[in-house]
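Have a look below at one chain only, the form predicted on its own, in structure tokens format.
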Amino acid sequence: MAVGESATAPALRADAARNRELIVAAAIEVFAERGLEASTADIAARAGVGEATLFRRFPTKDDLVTAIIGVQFEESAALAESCLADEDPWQGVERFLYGMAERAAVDHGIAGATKEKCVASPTLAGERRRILDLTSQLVRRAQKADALRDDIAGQDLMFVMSAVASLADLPFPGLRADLWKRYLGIFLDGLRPEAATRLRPGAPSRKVIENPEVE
């Protein structure tokens, strides 16, 4: 043990890490249910901690949103890595898009408010780059197997997922919660190389996504 280090320090650090995880998990649930207007008191109560504990970990709601997006990026990267292990390259692409779109549809309560931070926050540049690298690997792998049209880029998958997930925000009562699956199916058919027509304009630049200029 280092000089001056208390025997309780590791336990305190473990408690702090556990509280952070509980708060982030609770915030994801509460924001998904009620939007970003939900109170920090509601989040603290869901996490089973005091509001003072929440503010020690996350002084502002913006800090909490950044932490949520960080967790979502980690989950997305884990999904992409799992899909890269699929024996069938096309199935890897398909499973990745279904998994991402489903998660986005479930989390639509916070998606709109977090969109700018997802695509523009310098703090999350490394996470964005990692996801783009993984999606590019998924694309190249499927293209090598002649299962995916050759004019698709990794970043195209992210835009497809975002477009499909946006269906959850359509202002039409009575729409099925899983309607996004229908349109993702249409997108997936369009990714196949058979009878593909040339896409114009070209894929968006990776640089725009990795390092967007925020006014």
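Since the model is a prediction, treat every value here as computed from it, not as a measurement. When you see a residue number, it is the position in the sequence shown, counting from 1. Each form is matched to the other, and the largest set of C-alpha atoms that superpose within 1.5 Å is called the rigid core.
This protein has a second form, the form predicted in complex with the DNA, left out of what is shown; the following refers to that one.
This chain is displayed alone, yet in the model of the complex one of Q155, S162, T66, T53 has a heavy atom within 4.5 Å of the DNA; that residue is T53. Shown without its partner, this chain lists A196, A203, A25, A14 as candidates; in the model of the complex, only A14 has a non-hydrogen atom within 4.5 angstroms of the DNA. Listed stretches are 173-181, 58-66, 147-155, 186-194; the contact stretch with the DNA in the model of the complex is 58-66, by a heavy atom cutoff of 4.5 Å. The DNA in the model of the complex is not approached by G35, whose heavy atoms all lie more than 4.5 angstroms from it. Contact between T40 and the DNA in the model of the complex is found at the 4.5 Å heavy atom cutoff. In the model of the complex, at least one heavy atom of G48 sits within 4.5 Å of the DNA. In this overlay on the rigid core, A52 has a C-alpha that sits 2 Å or more away from its partner position between the shown form and the other one.
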